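Taking the form predicted on its own, here's one chain by itself in structure tokens.
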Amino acid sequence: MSAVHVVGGIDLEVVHRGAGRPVLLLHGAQNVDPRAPFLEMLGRHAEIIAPSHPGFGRSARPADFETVYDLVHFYLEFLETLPHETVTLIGLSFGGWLAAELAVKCRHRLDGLVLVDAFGIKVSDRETPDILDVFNTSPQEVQRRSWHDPATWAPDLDALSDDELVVRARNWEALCLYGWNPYMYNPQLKRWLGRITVPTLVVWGASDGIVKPSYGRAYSSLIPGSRFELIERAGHHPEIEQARAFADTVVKFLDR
């Protein structure tokens, strides 16, 4: 289901799916579940390369890896190891922040960018939070605001194995380490989004209560020529809640 790659001396867990044009998929707060239906759907049209960020899943994290800056430079190195001249980059949530940073810095290695309910910029004034503080909000409220239909889609933690619970805890700890201060954004990124020159699609769950669609529209407006698309009946994870609609939207973009 997943393989270990060594990149920059770091053991990296990587899920591979499908064949065709290469797509690098950067996950959000949780690493990608190899069983996720959207992976299979996208894999019918492309080669999906989905690493677990250092510190997430079963990927190692060096002791001095502490910032998004470290992750961005790590993925610049990861891109150099791929046998493809260019890839399409998809970033989910926290991974959308990483994807936007990479697209600013590394335009020559990308042929397309898809940001999905992405973090990374400050849109409102200093006193108005753009992104729900998931570390200081009750788990029940985080769950309620993450999903259009939490009763159907929110994970049942009691049903997870000990190993799966350990991975979730590790993911949470790594997210906190990388995204805590400032909370889930880079004050400089907004200024440089205009450097993104590759075709860009910004996708948002219409019911996202972690980071609202208005934030997504603002994000899209800062990237030249980008297109914004809402996915109905989906919260912060449209790739999970509306896998078919999500896959169709992304494949249409890939086939543009």
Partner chain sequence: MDAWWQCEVPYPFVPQEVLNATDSVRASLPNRYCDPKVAADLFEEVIDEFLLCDDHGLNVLAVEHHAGINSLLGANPLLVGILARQTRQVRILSLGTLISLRKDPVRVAEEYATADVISRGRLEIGFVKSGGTEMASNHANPVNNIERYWEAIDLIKKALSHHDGPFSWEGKHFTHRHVNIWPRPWQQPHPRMWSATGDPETAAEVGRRGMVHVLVLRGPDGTRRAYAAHRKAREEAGLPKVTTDNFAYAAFVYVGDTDEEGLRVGSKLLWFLHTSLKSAPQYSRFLPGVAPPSAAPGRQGGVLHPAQAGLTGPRQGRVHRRRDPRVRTLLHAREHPRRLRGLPRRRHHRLRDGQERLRSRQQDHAPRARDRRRPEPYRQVLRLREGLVDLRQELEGLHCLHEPSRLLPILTQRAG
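Note that the coordinates shown come from a computational prediction; the quantities given were computed from them, not determined experimentally. Numbering follows the first chain given and starts at 1.
Form predicted in complex with its partner chain: not shown, discussed below.
- Partner contacts here mean any heavy atom within 4.5 Å of its partner chain in the predicted complex, and among 100-108, 122-130, 73-81, 165-173 they occur only in 165-173.
- By the criterion of a heavy atom within 4.5 Å, residue 87 is excluded from the residues contacting its partner chain in the predicted complex.
- At the 4.5 Å threshold, heavy atoms of residue 29 reach its partner chain in the predicted complex.
- Among heavy atoms of residue 210, some come within 4.5 Å of its partner chain in the predicted complex.
- For the chain shown alone, residue 138 is a contact residue for its partner chain in the predicted complex, at least one non-hydrogen atom being within 4.5 angstroms.
- Residues 143, 146, 147, 154, 155, 157, 158 of 143-159 are found to place at least one heavy atom within 4.5 Å of its partner chain in the predicted complex.
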